[in-house]
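Let's start with one chain on its own, the form predicted on its own, as structure tokens.
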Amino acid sequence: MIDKRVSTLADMVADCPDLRDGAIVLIGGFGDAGVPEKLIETICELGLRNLTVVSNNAGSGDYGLASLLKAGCVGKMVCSFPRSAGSIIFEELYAAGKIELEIVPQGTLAERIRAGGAGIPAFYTATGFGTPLAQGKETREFDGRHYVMERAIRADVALIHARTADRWGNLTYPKTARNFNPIMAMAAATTLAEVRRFVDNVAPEEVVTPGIFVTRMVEIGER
């Protein structure tokens, strides 16, 4: 019988071969909405190093993603908004040359992740053509307009936050937490989900992320 639920956050990360130094990690969230804060705290405790983290921004304050940066776990950030309100920790690390940065336009970032989950290796977009963001990338002209080729993003691990889940791993999301979380769940070898509440079953028409994309889940309660 399939049951992807585990009892504790420690169980979520135990014996997970994809959680290792140098891993590529997708972290869901948009601002503070839908950020898997409890999972991030657990990852901090592992003491991993040189992670490449892909997220919408570079965290704020000293919690969530910012706590992972502060712990020295991240060697590179791939994001759209490295400088947002309260992103002090990232700015300090970057100014000191202790972290790399790859800036990706937000729509392009979402599509690179979605393509990774869909098995599409690359795609063309007009966004970024003629700017420093296109340097070193293949460009082509279609119907008189220039496009930049962007590679899909596949990760070792995705950390996501969901509202409800059944034992099979079918997920729903609370309001704006349905941002990067669903596409990230599809684009990683291992997807770990912190869930506000387990339910007996998620109605098929309400499923946002099918359980086939989810590896393990833990219930964290309502925020």
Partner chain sequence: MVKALSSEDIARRVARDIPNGAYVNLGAYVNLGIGMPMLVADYPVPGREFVLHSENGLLGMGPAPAAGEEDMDLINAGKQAVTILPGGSYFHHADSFAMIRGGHIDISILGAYQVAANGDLANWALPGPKPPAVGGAMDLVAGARQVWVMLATHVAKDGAHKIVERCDLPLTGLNCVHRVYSDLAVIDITPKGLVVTDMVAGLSAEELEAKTGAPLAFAESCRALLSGRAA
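Numbering follows the first chain given and starts at 1. Predicted, not measured: the structure shown is a model, and the values here were computed from it.
Although it is not shown, the form predicted in complex with its partner chain is what the next lines describe.
Visitor: Since only the chain is shown here, I'm wondering whether Asn50 would be in contact with its partner chain in the predicted complex (any heavy atom pair within 4.5 Å).
Guide: No, Asn50 sits far enough from its partner chain in the predicted complex that none of its heavy atoms falls within 4.5 Å.
Visitor: Is Val25 a contact residue for its partner chain in the predicted complex, using a 4.5 Å heavy atom cut-off?
Guide: Result no; Val25 lies far from its partner chain in the predicted complex.
Visitor: Is Arg167 one of the residues lying within 4.5 Å of its partner chain in the predicted complex, judged by heavy atom distances?
Guide: Contact with its partner chain, yes.
Visitor: Contact between Val207 and its partner chain in the predicted complex at 4.5 Å, heavy atoms?
Guide: Heavy-atom contact with its partner chain at 4.5 Å: present for Val207.
Visitor: Taking its partner chain as it sits in the predicted complex, which residues of 97-116 have a non-hydrogen atom within 4.5 Å of it? Please list them.
Guide: Contacting residues: Leu101, Ile103, Val104, Pro105, Gln106, Gly107, Thr108, Ala110, Glu111, Arg114.
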